[in-house]
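Before any questions on how it binds or moves, here is one chain, the form predicted alone, in structure tokens.
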Amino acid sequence: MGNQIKKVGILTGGGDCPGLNSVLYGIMLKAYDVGIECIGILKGWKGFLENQTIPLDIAEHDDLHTVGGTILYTSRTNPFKGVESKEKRAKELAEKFKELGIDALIAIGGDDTLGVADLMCNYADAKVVGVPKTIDNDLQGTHYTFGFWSSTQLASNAMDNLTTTACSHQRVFIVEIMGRDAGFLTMYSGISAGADIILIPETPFDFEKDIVEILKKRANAGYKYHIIAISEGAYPSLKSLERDFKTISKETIDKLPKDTYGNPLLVKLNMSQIIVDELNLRDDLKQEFQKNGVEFECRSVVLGHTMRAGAPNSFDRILGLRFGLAAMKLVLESKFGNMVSLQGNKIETIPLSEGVKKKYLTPENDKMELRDLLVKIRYLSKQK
């Protein structure tokens, strides 16, 4: 079956992250070895719809796996947006293979990008293989995604560095970290950097209990500065929102704009700045700090796109290469409708329909316990 495949298209969709080029290089290595041509489809599904392609000659891309970002560019384009019949649209998309001159497609992306690939396989039996890509690490089908550990390290380093200025000025820093509705990046980088409070989307926070009271306890235990790590998608419980917040309401959150896939753009909320504004209204907190000889001063820092930046670390380079190699092998074995997956330290194959489901941090996760212990034990251990 594999010898019928002469030309493979590759696209990268959604947000960029370190390791995308590593996947491309892994695909290209195996393709060259077996005499298959690779074509790059530019700007994700947008370029797929508009026939935007470039040749991928491995001779021109030595050690591409060491380079950050994606040479194919990317976009958040949803080909199914506003269509009445998903089946009809899927068949139209499958027909594009002829126009693009490809026999099979490797789609690299998250739940949105791979969701499109899954529909094409379901309705049109398209020859598509998926590679999971989400910097948030929130795809159920794989233990880790490439880019996650590079990004975690970047955020951890940023908080390590902020500690010096927080200490110098005796400040409270609220550091906003990527993660639309999953808190993996914030949890891992927050624990790694020893953040004093860690707020994630999976557990809506209580402003009074989880922030104000903790800051008071830390101030009374002698701490002069504080780092709060907060996911861009973290939000207060409804009870806390109604009771504690002066600058936003439930209506504020309900009115947020949505992306092309219908997800609320929680980053537009700028929750880190909201926390700063709310804390600045708390005279009781200022008095508690002053009682301990510290002026109360808050600053917000949004790490944003810096977390997608730069070259992938060694783990993500190797995982990207392994994913690329495995994806090309699935094409050769005609195992379409599947995606590659990291399970433990092995690369496995799972159906796209299973892999594109979302995963979240769950209450029994040991990282939850570590977070709570980090917050509690430090101020408790210093009480006289």
Ligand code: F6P
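Just count from 1 along the sequence shown to find any residue number. What you see is a predicted model, and the numbers here were worked out from it, not measured in a lab.
The same protein also has a form predicted together with ligand F6P, omitted here; what follows describes it.
Give a yes or no for Gly179: in the predicted complex, does one of its heavy atoms lie within 4.5 Å of a heavy atom belonging to ligand F6P?
Within the cut-off, so yes.
Looking in the predicted complex, any heavy atom of His305 within 4.5 Å of ligand F6P?
Yes - in the predicted complex, heavy atoms of His305 and ligand F6P come within 4.5 Å of each other.
Is Val175 close to ligand F6P in the predicted complex, meaning a heavy atom pair under 4.5 Å apart or at it?
Although ligand F6P is absent here, Val175 would stay clear of it in the predicted complex, with no heavy atoms inside 4.5 Å.
Though only this chain appears here, would Thr134 touch ligand F6P in the predicted complex if you measure heavy atom gaps against 4.5 Å?
Looking in the predicted complex, residue contacts with ligand F6P include Thr134, since a heavy atom lies within 4.5 Å.
Would you point out which of 94-102, 305-313, 218-226, 79-87 contains residues with a non-hydrogen atom within 4.5 Å of ligand F6P in the predicted complex?
It is the stretch 305-313.
Considering non-hydrogen atoms and a 4.5 Å limit, which listed residue (Asp118, Asp210, Asp196, Glu232) is close to ligand F6P in the predicted complex?
That would be Glu232.
Residue by residue through 80-116, tell me which have a non-hydrogen atom within 4.5 angstroms of ligand F6P in the predicted complex.
Read in sequence order, no residue approaches ligand F6P (within 4.5 Å, in the predicted complex).
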